[in-house]
Structures are given as structure tokens and as C-alpha cells.
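Only one chain is shown below, in C-alpha cells, and it's the form predicted on its own.
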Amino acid sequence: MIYLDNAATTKMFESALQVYKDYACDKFFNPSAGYEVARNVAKDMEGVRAQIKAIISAKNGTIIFTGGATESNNLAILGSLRGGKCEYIFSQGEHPSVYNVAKELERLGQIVHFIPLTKNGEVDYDLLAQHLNDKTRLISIMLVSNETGAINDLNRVNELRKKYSPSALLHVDGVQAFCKFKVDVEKSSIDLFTISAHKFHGPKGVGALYVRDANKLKNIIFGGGQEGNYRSGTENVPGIMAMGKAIDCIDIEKNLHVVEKLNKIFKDTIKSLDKDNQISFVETQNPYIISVALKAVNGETLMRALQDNGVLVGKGSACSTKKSGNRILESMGIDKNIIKSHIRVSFDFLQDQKEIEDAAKIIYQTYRDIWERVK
């Protein structure tokens, strides 16, 4: 089986699994307990906080461990909520764990603006500027789209914020960027940054939220006061430590170079076979994710056929596969009939070139087999 849905999740590193087992079975102590072995576990967790801050170039700030990206995004947005009506800005391209929180803010009576995307998948910066004002409380713009791989220019977003909404917080869903691209939260003045371990070969069920100024955030979970009282509940120590080990195993620049080659091999192979130009790609600067449109063939049908032929691809966010339509591709102005033909292909640096070339050939042949039957 060739796995090309790495944007949905990644295989856990064996070394991270060993660390997980170590802290689940041997160093299993509750980090809030008072005895020395428990305090040692708490110190180990501080080491992972330092790792995360280093890799996003954070000089100060706080790392709050959470149960994953969904919780981190909820904490960032709802934890920024204050009394009275404020305005909130979101891109139309946000993951459901952001978009659906935004819809909840609307239900609660807050003023929420959804900024459309341009045809290349980035947020429309001109429209963003038009909606920013001194009442804006929070701007939430993802760094890398989980659907198309499009990369938003956070420096440009920050410049607009400084000009029109200097007191607004900037939240970034960094799930598809962390450990894949260089991130500098200082340069872009990011206030809140979300990560999820299972997207970079760590375990599921653990993530983190970087917070520049914890005084501007309030807790949304109440309990024993763990994580500085911002996320009560005994920490998932094995998951946290395994996440740290996964970070240790990542070489961002080297891995990016590998994936760039895989991306090119995939596209070149498809193009060499596709003499009729039936297949197109959403072009972005991100080699990890490709949105592929295959003319006149339903993407769901193709995805199921590919599974039977030994290739696993995605159809978009794994958190919204049961919903019809695609608001992100629609916001980019892509025709609904073309949207139905889209699949998402996402690569990993552990894959080899022959595997990707074989996958491209299988995808093309499977597509042609279906197309010949339906044309």
C-alpha cells in the first residue's frame, strides 16, 4: 500500500514510540505530584516546551500542552473572547477546528468576518485590509492550507494588522507548517500558534499552543490548574515526550529538499502520461500537498478505486470528509463540477522516488479506466 495522505496523519517514529512506552510504563509518574521522580518528569516536559519555542524562534512566551490541534485552536479563539461585542477575522480557508469555532462566535452574537481566498488559495489580502479596524479582537489565518497547500504571507498579514488593528491578536493554525517549514513567530508577531504532534510523526491526541502573552488568554477548561491554569487535567506525559522525540528527528531543510523532488517526480510522471491534459494541479509554493483535479471523474469514486489498487489519497480535510461540497475550493472560485473531481495528494520525506512514480502511474491508469467507462 502506497500512502499519499500524509496531511491527514503520519506514521509515528519508532524512536518516538519507544519514548512513549518509556514514559507510559517506567516514568509514568504524575508531573503534579510532589515527590522527586514526579518532579523529574515535570522537568522533562519543560525540555519539550523549550524545543517547541526554539523551532518557532520564540524568545519568550508560553507553551501550553493540549490534546491536539482542535483543542489548541478552540483555546486560542475562545480563550481570547472578552465581554462585549468585538470583531473577529477568519479566512474562508480555515480548518473546521477554526471555522466551526468562528461560527459559534457568530451564534454567541459576536461580529465575525470570513475573508475569501484568491485563486491561488491564499487569503485575499485586499479584502482583509478592508475588514480590519480598531474593534478587531482576533485575526485567525492559517499558515499552510491543509486542502491545497497554499501558504499565506503572515508578514503581510501582520503589516496590515499593525496598520489597521494594532491591538488585535494574531492566531495562526500552524499544523501543516510546523516541522515542515521554518517558522518565526517573532518576525511575524504571532500571538498564538497551534501545532499537532501526529502531523510530524508524533502520537495522536497531543498538541500545543504557543502563547506570546498569557495575560491575554483565559482558560476554557476548569479543573486542577495544570498548564498554568490554562489547560486543567493531568498532562499526557507519554504523548508530550514522544512529541519532543519526533521534533528531535526532524531536519526541516533536508526533508523539504527530499519532498520537493518527490513532488516534481509525481507531477512529471502524471504530465508525461496525460497526453490529453485531463489532469490539473492547484499550483502553490508548498511541495508537501497537491490538490489534483481529474476531468469528468468523481474524486470520491477515484479515491475508492485507488484504495483497491493499493494507493491511499485524501479528499480534503480528514475532519470534514462526511460533509458535501468544499467551501475552501469554492472560495477560490473553482467550479463546483471541477471540485467534485478533486483529490488531495500529500507526501512525506520518508517516501522514496520509485514509490511516488509508481503511485502516479497507478493514479493515472485508475483514472483512465474510470474515465473510459463514464465518458
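What you see is a predicted model; the values in this text were computed from it and never measured. All residue numbers refer to positions in the sequence shown, first residue = 1.
One more form of this protein, predicted in complex with a small molecule, exists but is not displayed; see below.
Each of 142, 176 and 198 places at least one heavy atom within 4.5 Å of the small molecule in the predicted bound form. The closest non-hydrogen atom of residue 314 lies beyond 4.5 Å of the small molecule in the predicted bound form. When contacts are judged by a 4.5 Å heavy atom cut-off, residue 73 counts as touching the small molecule in the predicted bound form. Taking the partner from the other structure, the small molecule in the predicted bound form has no heavy atom within 4.5 Å of any heavy atom of residue 148. At the 4.5 Å threshold, heavy atoms of residue 95 reach the small molecule in the predicted bound form. Only one listed stretch (181-189, 215-223, 102-110, 198-206) carries heavy atoms within 4.5 Å of the small molecule in the predicted bound form, and that stretch is 198-206.
Contact with the small molecule in the predicted bound form, defined as a heavy atom within 4.5 Å, holds for exactly one of 328, 56, 69, 343, namely 69.
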